[in-house]
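Just one chain follows, in the form predicted alone, and it is written as structure tokens.
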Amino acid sequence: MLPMIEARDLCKAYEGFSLGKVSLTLSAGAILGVFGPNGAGKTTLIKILAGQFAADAGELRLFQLGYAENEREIKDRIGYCPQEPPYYPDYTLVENARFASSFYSRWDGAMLYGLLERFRISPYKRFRLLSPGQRTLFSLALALCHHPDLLLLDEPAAGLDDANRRFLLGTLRDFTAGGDKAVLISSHVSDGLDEVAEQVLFIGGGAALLCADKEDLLARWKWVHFRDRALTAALAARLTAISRHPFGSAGLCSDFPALRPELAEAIAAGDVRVENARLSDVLIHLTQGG
């Protein structure tokens, strides 16, 4: 299947920050989560993908097209939900939507009204009177209601309550279910969006740290809990982030399939217990080394 996004060695520098050589590929039917701490470069990357920033270097194609010759067509096919929605504060939501509709060939006003009704937001409310969560929901509604082929969502769970977060996760799953659309989301991992991401890109300090299929990554990264003297010094040296606990120690393993045969006897004896790592564990290790 042809990729929706092909990015190679994207770079962007401005005062106080530099994004360096980020590469990724996103195919139709997939959801890619870009995870990293504040200031990692997630928003800069998404703005480049959305055509809000031009990269200083690197190659970028969306839908097999380049922005230089096909900007209007590319943006018509993207649903973009920015972290800080740039809408007119004194306009009502209807007025803001009317302005936005002029940029899209597949605008669906009925869908917009349906989403706003689902979110219990009056379309006649002025944008500046919305809560942070309502602003996120309005931005999401605008991103969806012109039937895009690709969603680019920057911190889309910000300010959402549990019910609307669940709605968001379900919407993203439904959006890609047909296999002809794709989603790229940025997140801090802890907001639940890691549940729907099938591919992950960890980013920190303006650099791509790791890009992998989520299932493969979680099959490799494990917490190994072990009793005192259960591991040889050589085995313990292959773990990181080792910490002491009342009944032993625990360390993080980044390639458990390679370590499993050497742990098999200790696991069978009950001296070693293996626990799944979380994406947040991997991110902390990659960005903080612990």
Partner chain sequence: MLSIIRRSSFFYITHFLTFSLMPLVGSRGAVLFVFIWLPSSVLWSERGESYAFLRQLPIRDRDVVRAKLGLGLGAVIAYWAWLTLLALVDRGASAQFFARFSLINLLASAWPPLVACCYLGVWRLGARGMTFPLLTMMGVGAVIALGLEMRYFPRRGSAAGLAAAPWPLQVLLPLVGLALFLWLARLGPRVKRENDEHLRLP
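Positions refer to the first chain, counted from 1. On a predicted model such as this, the values are computed, not experimentally measured, just so you know.
Keep in mind that the form predicted in complex with its partner chain is not shown, yet the notes after this line are about it.
Using a 4.5 Å cutoff between non-hydrogen atoms, L144 does not count as a contact of its partner chain in the predicted complex. Residue contact check for R118: none of its heavy atoms lie within 4.5 Å of its partner chain in the predicted complex.
Though the partner is left out of this view, P89 does reach within 4.5 Å of its partner chain in the predicted complex, counting heavy atoms only.
Its partner chain is not drawn, but in the predicted complex it has no heavy atom within 4.5 Å of G204. Between its partner chain and the residues R220, R165, K75, H188, the one pair within 4.5 Å by heavy atoms in the predicted complex involves K75.
None of P148, G133, P82, P123 but one reaches within 4.5 angstroms of its partner chain in the predicted complex through a heavy atom, and that residue is P82. Taking the partner from elsewhere, no residue among F63, G114 and F175 has a non-hydrogen atom within 4.5 angstroms of its partner chain in the predicted complex. Across the options 156-164, 206-214, 177-185, 102-110, residues that bring heavy atoms within 4.5 Å of its partner chain in the predicted complex belong to 102-110. Residues G51, Q52, F53 of 30-62 are found to place at least one heavy atom within 4.5 Å of its partner chain in the predicted complex.
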